[in-house]
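For reference, the chain that follows is the form predicted alone, supplied as structure tokens.
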Amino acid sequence: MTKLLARRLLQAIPTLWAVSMIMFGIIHLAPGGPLAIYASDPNVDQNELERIERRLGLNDPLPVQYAKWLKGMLIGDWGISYKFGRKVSDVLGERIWPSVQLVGASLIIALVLSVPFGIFSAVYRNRFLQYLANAVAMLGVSIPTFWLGMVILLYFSAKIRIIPSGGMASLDVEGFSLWDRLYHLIAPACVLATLNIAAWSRYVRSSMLEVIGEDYIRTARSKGLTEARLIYRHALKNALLPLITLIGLQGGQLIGGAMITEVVFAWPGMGRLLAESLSGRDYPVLMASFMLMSALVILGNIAADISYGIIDPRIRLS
């Protein structure tokens, strides 16, 4: 397993390097720039704008800018945020933990609900409840996240007032309170988990239908095993393998996908920071955020491969 981990980490280096070049080019070739909002003001001093552009290195050729950024990234200097005027590492450090809480809660909610829904749809197929579960799953895939979040805020916060309107803590609560954090976390986590619940339940259903048709399941059933033991002790373990791959890919994707949810619920995480940095063309924060999400996706894939070998001994990690 150590050799596998070392090999996969070495393979991640050229992948991250390629991602960094592509993202750096896309960000810098987009129309406008960090100084565009000031350049549109007719009263701005053009000499001052040129001085700021030279200080930030924005007038250097693109390959030179990339080389400077890559050198800083390798030595741990992620640059200074254009928007906040602080080190990018400090800005990201403040936003990572709120996003971890939100993404982690949404993954737990999605996993707890999608697996039983998928099993239920596979075991009790061709029944009314199974068709109802499929309809709910399709509805979850089709509803836009921003619309669902705004509807929840409009009804549960503005109308019946059982959830907060936003943020991650109440102003009248001093220090950290677990119940207050959960009170603010439940609504955005459920909204973020909606799409995964719908998609994952479909994956579990299709994988379960394939597994319960295998010969070893029929043999176990012929030996007199109860249906519950057959499903949860034998079929489910193999049916969850495709879901492990999906979960491994969700870490970085959910941080980017949480952008809309965090903006709607005013959650101070990486997604909201990404939205603010995109509107302000904060290149150092954008690059650091994209590289962090890429690294999380790669680490998630490695964790999924290792989990394969743990769950299914037939899969050799070598």
Partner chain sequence: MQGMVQPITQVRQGESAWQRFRRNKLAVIGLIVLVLMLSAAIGASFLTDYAPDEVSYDFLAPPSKQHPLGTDDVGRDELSRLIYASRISLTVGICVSTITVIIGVLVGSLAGFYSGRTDAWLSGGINVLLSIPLIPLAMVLGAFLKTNLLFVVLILGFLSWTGVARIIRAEFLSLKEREFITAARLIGMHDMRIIIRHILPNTFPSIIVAATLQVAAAILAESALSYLGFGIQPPTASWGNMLQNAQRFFRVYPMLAIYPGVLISLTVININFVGDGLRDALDPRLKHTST
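Numbering follows the first chain given and starts at 1. Here the rigid core means the biggest group of C-alpha atoms that line up within 1.5 Å when the two forms are laid on top of each other. Computed from a prediction, not measured in an experiment: that's the story for all the values here.
We do not show the form predicted together with its partner chain, though everything after this point is about it.
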{"query": "Site check 4, 69 and 247: each within 4.5 Å of its partner chain in the model of the complex by heavy atom", "finding": "no"}
{"query": "Segment assignment from 185-193, 70-78, 150-158, 100-108: heavy atom within 4.5 Å of its partner chain in the model of the complex", "finding": "150-158"}
{"query": "Heavy atom of residue 144 within 4.5 Å of its partner chain in the model of the complex", "finding": "yes"}
{"query": "Its partner chain contact in the model of the complex: residue 89, any heavy atom under 4.5 Å", "finding": "no"}
{"query": "Its partner chain contact in the model of the complex: residue 294, any heavy atom under 4.5 Å", "finding": "yes"}
{"query": "Any non-hydrogen atom of residue 26 within 4.5 angstroms of its partner chain in the model of the complex", "finding": "yes"}
{"query": "Contacts with its partner chain in the model of the complex - residues in 10-27 whose heavy atoms fall within 4.5 Å", "finding": "15, 18, 19, 22, 23, 26, 27"}
{"query": "Large Cα shift (2 Å or above) at residue 278 between this form and the one not shown, core-fitted", "finding": "yes"}
